[in-house]
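Quick setup: one chain, the form predicted alone, written in structure tokens, and binding and motion questions come after.
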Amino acid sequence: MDLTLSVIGCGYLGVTHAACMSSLGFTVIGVDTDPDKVAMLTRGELPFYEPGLDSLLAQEVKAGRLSFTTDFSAIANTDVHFVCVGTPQSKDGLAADLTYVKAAVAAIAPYLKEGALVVGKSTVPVGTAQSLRSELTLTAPQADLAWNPEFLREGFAVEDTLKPNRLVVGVVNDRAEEILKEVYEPIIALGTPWIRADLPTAELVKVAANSFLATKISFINAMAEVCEAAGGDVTVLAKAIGYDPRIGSRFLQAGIGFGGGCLPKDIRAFMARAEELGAMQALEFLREIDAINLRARQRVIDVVRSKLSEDLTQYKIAILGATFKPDSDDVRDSPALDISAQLQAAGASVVVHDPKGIEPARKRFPNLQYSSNVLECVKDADLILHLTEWREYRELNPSVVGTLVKSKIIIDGRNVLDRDLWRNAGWRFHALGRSD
């Protein structure tokens, strides 16, 4: 392949994209401002956990197709530049902070060669791409800009990059589309749907998709509240409505709600941008989606108090899970950690276990207690909270665990444990949206 690629920003998205594009045969340069991260990646080591990505990274670095640097001038002879930096929520509001995106485009502008294509992959408010493209016409008129949103699921990032369920490209001319078709030729050949859009639509696709997923999750959690009040079973309800092809069964698992670095901040930024555009009424429902999601966390704490006492100061609570989802070490806006911190603030003695997320969790919540051994974590516990659906927790033997705890009380915040198995072992078992 004649094209050479650069990836600007070597975080979760950037490293995944760089390694996957390299595995397709491209020469790829990753650029990041963090010298420690660059040094680690240059050794073929991953600074976070993602199944399958560690071996792929090491393979591509060893093959010589993939390299990393802090020097932006290294991209001077590169054809296509993927911008993969973060867009966190602003510290003073709901809007997205575009500091890193703007800085990335400004940093590469002096080195863009004739005909270079800058491709945004970061999740940004609608209108950002056109603004950046207009800026490039002043700072690098020899280059063009397109937008190609990512749809990665943590835990499946390599698969979602190499075998995505669609490729969306926002372009303003045929040449940009032709370049991107050349980049993605091996993936298109697999039959992957190709969707050409304008810049605003490409930006909206990602936030619209995340808003829909968030809506579905909060809907079933709202149904869980009603089921608990009415004595129903939300798992049976979800199964029944999931057979309707218009609804589908995905994302209908009631629990403690969504978290992570995408859904919460993306729907908030979407609301903020809609308000700027004078279209806030169209997204007013997202405020309730966000509220339902946060309320799910408080409901868990209320259930804990109902099982133990309003005063939690004399109780030890074992928390199973720190990450916002399994097969990841991501603890950003993790419901599990938020609940853990609130319980500790209420006076409980809290010990947290997670197969991969203890160190990231410790950095965010250093005052919590952590245990690297799940059986040590539950020892002498008055109550166990299951908050992240790791396979390791589903495979726990309730009888063995029962010999270690002070009281056989467990709350399944994810509705995935075998209720009958735990109850037959003598446990008081509660799951959100299901009567005891």
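Throughout, we count residues from 1 along the sequence that is shown. Here the structure is a predicted model, which is why all the values come from computation and not from measurement.
Beyond the structure shown, there is the form predicted in complex with ligand UDX, which is absent from this document and is the topic of what follows.
Judged by heavy atoms within 4.5 Å of ligand UDX in the predicted complex, the contact stretch among the candidates 126 to 134, 262 to 270, 108 to 116, 341 to 349 is 262 to 270.
Shown alone here, Thr192 lies farther than 4.5 Å from ligand UDX in the predicted complex, counting heavy atoms only. Using a 4.5 angstroms threshold between heavy atoms, Thr78 stays clear of ligand UDX in the predicted complex.
None of the heavy atoms of Val234 is located within 4.5 Å of ligand UDX in the predicted complex. In the predicted complex, ligand UDX sits within 4.5 Å of a heavy atom belonging to Phe258.
Exactly one listed residue, out of Phe151, Phe365, Phe72, Tyr184, brings a non-hydrogen atom to within 4.5 Å of ligand UDX in the predicted complex: Phe151.
Of the residues given (Lys325, Lys356, Lys121, His353), Lys325 alone sits with a heavy atom within 4.5 Å of ligand UDX in the predicted complex. Contacts to ligand UDX in the predicted complex (heavy atom within 4.5 Å) from stretch 225 to 253: Phe251, Leu252, Gln253.
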